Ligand code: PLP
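Shown below, as structure tokens, is a lone chain in the form predicted on its own; questions about how it binds or moves come after it.
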């Protein structure tokens, strides 16, 4: 494919993508294929000679689309949103064309410098404390996912804790003696990635019980710290969640933060989904207490019209991360010390070495949408969630499980878990809408998230009609 054909075929693909998104509601939101379906549709080896574009293009519908779960379908209500917008897609095209691997400033100055500026733009939109902005010890970096950000924060906290302990106990010669005693904490509602970070980072993760609003509180944390310190363990890290995956609950960081500061513990705040809403002044209070955090992260690729992947992470003091990850080679030593003083080498701020020009997506989206339009999208989706909540409340057969604050509604049929499990199975087999379950302690429920930008009130009413219809079928069958 040369430049001339790329122009022609690229336009063809753009038309296909636009048609797909504008008519996505005509597709079944959840696929009907069985595992292994694709192996039956394509050869088991690569072609010896290049094929024609027209043949490949036809296979998008024949091979790929039958196995796609359509995350931007107005009846997709599973998980959390996966943001999608034309400006972000255009930015990704440019990113792919430039093709830089921005591991140092010199490897592509624009890649590093735009990221610094965009992270400051976002920080100011969220009204983050000044310590998280560039120009001082802190700053922001784009990670791939919130899971990566949690892992990076844990590794930095681990390194800091070992150094601090050995400084205060010079008789300790081996850092591994300290590492074996480290312990970290999170809520029992935290994302599984926290536990995974502990496994990868060799730090014991203790899941602490949340209160009746599914919030981790300060007294619970302090009690756990006191207990572990009395056993000779070294508390080093707390992951507090703002907007849990299961029920969109909020840990009390105004209580947790001062305890972490007093005890010398790194607090990381994970606001993967809910963080986007903090650009709206009426929801910013949910972030109060972030001034106590050493790191903070949220995903613009969930709710801020920026396509995956783009996870925004800020550090109060980046030196802890740089110290943990800093490995240099001769080919990386380009430029003088003046560059290192003014510009970060982001390879020291992340797990991978190379990195894409992801800040282009933020730049395009923030400029072409503007803050007000992004705020309107978030407010609209939260209002739609409250519409769904109202429909649930009006039906005496159902109950709301958790307070509706963002765009997630947790609901269930009153009574035991089994009918709710059967209801969700029926919903997803039926295929008109797509939902996933949640569980708090022993209570099974169904999560209804407003995900697609194209979702309207009519889609909320339709989804509820499907749920009510299938619930009636289950109740009728149980009466037989």
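Numbering follows the first chain given and starts at 1. Just so it is clear, the model here is predicted, and its values are computed rather than measured.
The same protein also has a form predicted together with this ligand, omitted here; what follows describes it.
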> Of the options 73, 302, 158, 355, which one has a non-hydrogen atom that comes within 4.5 Å of this ligand in the predicted bound form?
Replying inline: 302
>> To verify the annotation, which of these, 146, 409, 221, 88, has a non-hydrogen atom within 4.5 Å of this ligand in the predicted bound form?
In response: 146
> Picking from 124-132, 177-185, 195-203, 293-301, which part of the chain touches this ligand in the predicted bound form when contact means heavy atoms within 4.5 Å?
Replying inline: 293-301
> Is residue 243 close enough to touch this ligand in the predicted bound form, meaning at least one heavy atom pair within 4.5 Å?
Replying inline: yes
>> Would you classify residue 272 as touching this ligand in the predicted bound form, given a 4.5 Å non-hydrogen atom cut-off?
In response: yes
>> When the contact criterion is heavy atoms within 4.5 Å, does residue 191 count as touching this ligand in the predicted bound form?
In response: yes
> For residue 103, is any heavy atom within 4.5 Å of this ligand in the predicted bound form, or not?
Replying inline: no
